[in-house]
Each structure stands twice: as C-alpha cells, then as structure tokens.
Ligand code: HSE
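Take a look at this one chain, the form predicted alone, written out in structure tokens.
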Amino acid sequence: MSPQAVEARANATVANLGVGFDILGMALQEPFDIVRAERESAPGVRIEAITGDDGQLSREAHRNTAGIAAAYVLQQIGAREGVRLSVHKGLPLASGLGSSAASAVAAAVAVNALFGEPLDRAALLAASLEGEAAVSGRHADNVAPALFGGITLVLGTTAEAIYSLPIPPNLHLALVTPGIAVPTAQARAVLPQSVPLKAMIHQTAQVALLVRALYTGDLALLGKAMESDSVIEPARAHLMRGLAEVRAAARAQGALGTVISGAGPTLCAMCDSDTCARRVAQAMGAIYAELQLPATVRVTQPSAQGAAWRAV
C-alpha cells in the first residue's frame, strides 16, 4: 500500500569541479532540501508552503522547480489524483550549490514514492531536469549527482549518459558562501562564445588529469587539476568577490585546491582531513569578515548516496 505522505531529501551539489564545465558534479552530505508530498483528490500540483527561502520563491506550481518536477512525474505515471507539496529550502538560493536542482529532485522522488515508486531513478532524471530547466537550463551537472549521489560525469541528459566516478578516500570539503547572489543566468552570460585551440587542449588535458586523480585517490593531483581552469573561471572571477584572497588563505591552511562551486559565489576547497577542512573554513570565513561581507562556512564530504525518501 502506498503511503499517504512522503518526505524526500536531495543534497547540495558542486558542479564543474573547476575544469569540468557542465560535465562534472559532486553530491555533498549537507546542506539539503526537503520536500513533503501528500495526496489530494483534485488533480495537479499545489504548493502549500515553502520555508527557508525568505519569501523569494513562487508558490505557483508551474513557476517553481519542485512543482514542475512533481507535475512531470504525475504526467508520466498517469495519476488521476494530485499532490500538495511543502518545500523546505536548506540550500541558499543562487549560491552555486544546486538549489534549484535539489528542489526538483526531492519533489520528483517524493511524488514517485507517494504513488508506490512506479518509476526508476533513470526515469526520474527527466522529471528533475524539467524542473531545473525552468531556472538554470537543461543540463544535468547538478541534477545527476543530487539524484544518483557521488561524483558524476555528465555527457548528456539521459541516464545512459551519466557515469559514476570514484570518490577518493579522505576527501573533505570546506565551503564558504558569501551573502551575495550570483544567478546562473548572469554567470553564464559572461562566458566566452569561442575558445582558442590552445585553451581547449589545456582544458581537456586537465579534465583527463582530474579523472585520473579520482581513480588513483591522489588528492594533491585532484586539487591541482581542479584549479587549472583557463576558460570558465577567468571569465567569472570578477563576479566572485574575494576569490583570490580566499584561495590564498585556504592554501595557507593546507587546502589542496579551491574552486568556484557551480555558478558561484560559493567557493569550495579540497582538503585531506576534517581537521584541515575546519581550519580552512575558518580562514575562508575570516576573509569575508575582513571584506565586511556576511558569509556562511560549512565543512562536509561528498555523499555517495543520492536522494532518499521516507513515509511520514
């Protein structure tokens, strides 16, 4: 018997991993969004409440990533009943941590579970992408790791184009999110429309080096490869206040590499221990304190698990 109410959780993600623009993503253990789905006799999707967003997100289902993903699942399974959703945003908006993807994934998983899980995770990818596309475009570098977990290589928008990569042992992450928003559309608008051949060769070589580092567990090599972006970061650096200072402070405390998380402004530093990550997080936060810019710091690790649900 299917439950009458379900809560699903989808975690934050770090897209690109520096050099892998739109093709690499990593799920984090925290923070995360939670979507509660309950049955309604009337068809369609109704968003009952959203918390944690400071009133910024639309309660209209067709304008909300969670609502769009939920509606897509209902359509796929041919449901005659509808659902009402309650969304709790644990992820800051426009932060570069995959906020829109997390809400879409959590909603798709919750609604699917509410109706007895007729769809597998591969089928839920399409629903999640539908929600993500409304805000950030149709790319799966956030959606795929949020849904499937782990570190993913994303070569397209179907499950067959998503490949799981190893998570190196002892990979710890320090993140700092300054109190400024960088919408994905703005971060994409500054990107170059063409790339010189020399830059293309360098970028593809660094992606290959990053993949080798993941398979060998070489964290120093991983940090080096991730910091070697010569295409995307230079174009976006002016949007990331404090980037150079934070990177220098993180390295002084033992970080192996620091990159822009997704479209930013969150910055993510790679460390080889929890102790190091905590030192680095403190140093990163101190830079923004000097810049008189509020910031949130976190210490976390990659999550091997994808979105999860429970009956409530």
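Bear in mind that the values here come from a model prediction, so they are computed numbers and not experimental data. From 1 onward, residues are counted along the sequence shown.
Note that the form predicted together with this ligand isn't included here; everything after this is about it.
Given that the partner is absent here, state which listed stretch (45-53, 242-250, 257-265, 278-286) has heavy atoms within 4.5 Å of this ligand in the predicted complex. Within 4.5 Å of the partner lies stretch 257-265.
Would you classify residue 212 as touching this ligand in the predicted complex, given a 4.5 Å non-hydrogen atom cut-off? Although this ligand is absent here, residue 212 would stay clear of it in the predicted complex, with no heavy atoms inside 4.5 Å.
I'd like to check something about residue 202: if you look in the predicted complex, is any of its heavy atoms closer than or equal to 4.5 Å to a heavy atom of this ligand? Residue 202: no contact with this ligand in the predicted complex.
Contact label in the predicted complex: residue 86 to this ligand, heavy atom within 4.5 Å: It does not: once this ligand is placed as it appears in the predicted complex, residue 86 has no heavy atom within 4.5 Å of it.
Contact test in the predicted complex: residue 206 vs this ligand, heavy atoms, 4.5 Å: Residue-level check for residue 206: no, no contact with this ligand.
Within 4.5 Å of this ligand in the predicted complex: residues from 180-195 (heavy atom criterion): Contacts from 180-195: 184, 188.
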